[in-house]
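In structure tokens, one chain follows: the form predicted on its own.
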Amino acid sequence: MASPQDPVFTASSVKLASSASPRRHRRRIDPKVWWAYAFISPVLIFLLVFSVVPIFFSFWVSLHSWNLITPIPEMPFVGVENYTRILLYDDVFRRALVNTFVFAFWGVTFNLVLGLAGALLLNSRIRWRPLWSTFFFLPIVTAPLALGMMWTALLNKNFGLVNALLGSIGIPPQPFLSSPEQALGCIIFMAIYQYVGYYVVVFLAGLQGIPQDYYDAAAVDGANARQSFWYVTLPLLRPVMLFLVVTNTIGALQVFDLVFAATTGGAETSGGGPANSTMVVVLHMYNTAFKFFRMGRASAMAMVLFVVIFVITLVQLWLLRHRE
């Protein structure tokens, strides 16, 4: 019998070990993993068909001149001409981009402050808290088109209820949506009215998720109410604030239905008016595509907005997470 030091024994052992090693280390996929992929596959297919593919198709269309009538294979290729036109020569697009940024910044900022204030109020010892939460949340379940039409009637400069109330206290009637100086502010106010309840409910859930032990420990250390809010409440609400800021900024930069409903009702306020004071990017994109049939230029606007939203989202995520 060969000894362990025998070269033949050693070589054969190494050979057997090397041949058995792949089999021994070969991992079998758990059937539960296959079931997991099977369950999420419909969502992945949905995202691929209705999100990823349209993005690439929009980018491809943005490099062509298409009037929605010419067959897709016969679209004239124009390269970056559509991007050049909207960025360098389209004054309405630049105005719409500025209006969109203003709307998103002030809308999200005011909603954050008012939402947190409302949540702190509801989180106190207030009676009928569920009723007040429902009252705050009701506007968000209203369709933006209906909400825009409602506020258009309320803010009408001739027979609106708001001007009637202002007149009763001696303030002259205001033009509101008919004024280039006031129209965008009115749109921002409508958005705040609609979404502040959503902020309140989300902030309230975050506040109720903070353990009372943190406040008790702060009180033992001598912290007053302001210090507890600044050093306990706000840091623990940072994930909630990150979620609200990112998701609602993305939504605000894509605002369309509220502006469309509030500014498309007459000669004075048709389509982002007056004087494009409420024109936003998506509304200008809609007009370009379906009123002037310049789908290539509208697709270029969509891609520019996509890049802007992507960059702003990355910056927000970095800033808010970096502060943690």
Partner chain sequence: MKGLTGMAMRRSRLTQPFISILKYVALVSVSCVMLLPFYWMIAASLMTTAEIIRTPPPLLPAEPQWRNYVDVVYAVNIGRAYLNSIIVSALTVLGILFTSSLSGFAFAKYHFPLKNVLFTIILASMMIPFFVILIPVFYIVKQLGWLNNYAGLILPGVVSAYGVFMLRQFIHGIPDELLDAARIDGASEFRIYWQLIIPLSGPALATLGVFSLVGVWNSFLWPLLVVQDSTFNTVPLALNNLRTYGAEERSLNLRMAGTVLSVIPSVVVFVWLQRFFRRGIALTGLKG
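Between two forms, the rigid core is the largest collection of C-alphas that superpose within 1.5 Å. These numbers were taken from a predicted model, which means no experiment stands behind them. Residue numbers count along the first chain shown, from 1.
Quick note: we don't show the form predicted together with the partner chain, though the next part is all about it.
- Here the chain stands alone, but in the predicted bound form its contact with the partner chain, taken as any heavy atom within 4.5 Å, falls in 122-130 among 80-88, 179-187, 93-101, 122-130.
- None of the heavy atoms of Q174 is located within 4.5 Å of the partner chain in the predicted bound form.
- For F292, no non-hydrogen atom is located within 4.5 Å of the partner chain in the predicted bound form, even though that partner is not displayed.
- Put simply, L63 is far from the partner chain in the predicted bound form: not one heavy atom of it is within 4.5 Å.
- In the predicted bound form, the partner chain stays beyond 4.5 Å of every heavy atom belonging to S277.
- Site residues P76, W106 and L314 are none of them in contact with the partner chain in the predicted bound form, judged by any heavy atom within 4.5 Å.
- Residues of 279-305 placing a heavy atom within 4.5 Å of the partner chain in the predicted bound form, in sequence order: V282, M285, Y286, A289, F290, M295, A298, S299, A302, M303, L305.
- The rigid-core alignment places the CA of Q212 less than 2 Å apart between this form and the one not shown.
- Positional change of F57 between this form and the one not shown stays under 2 Å at the C-alpha, relative to the superposed core.
- Once both forms are fitted on their rigid core, the CA atom of F290 lies less than 2 Å apart between this form and the one not shown.
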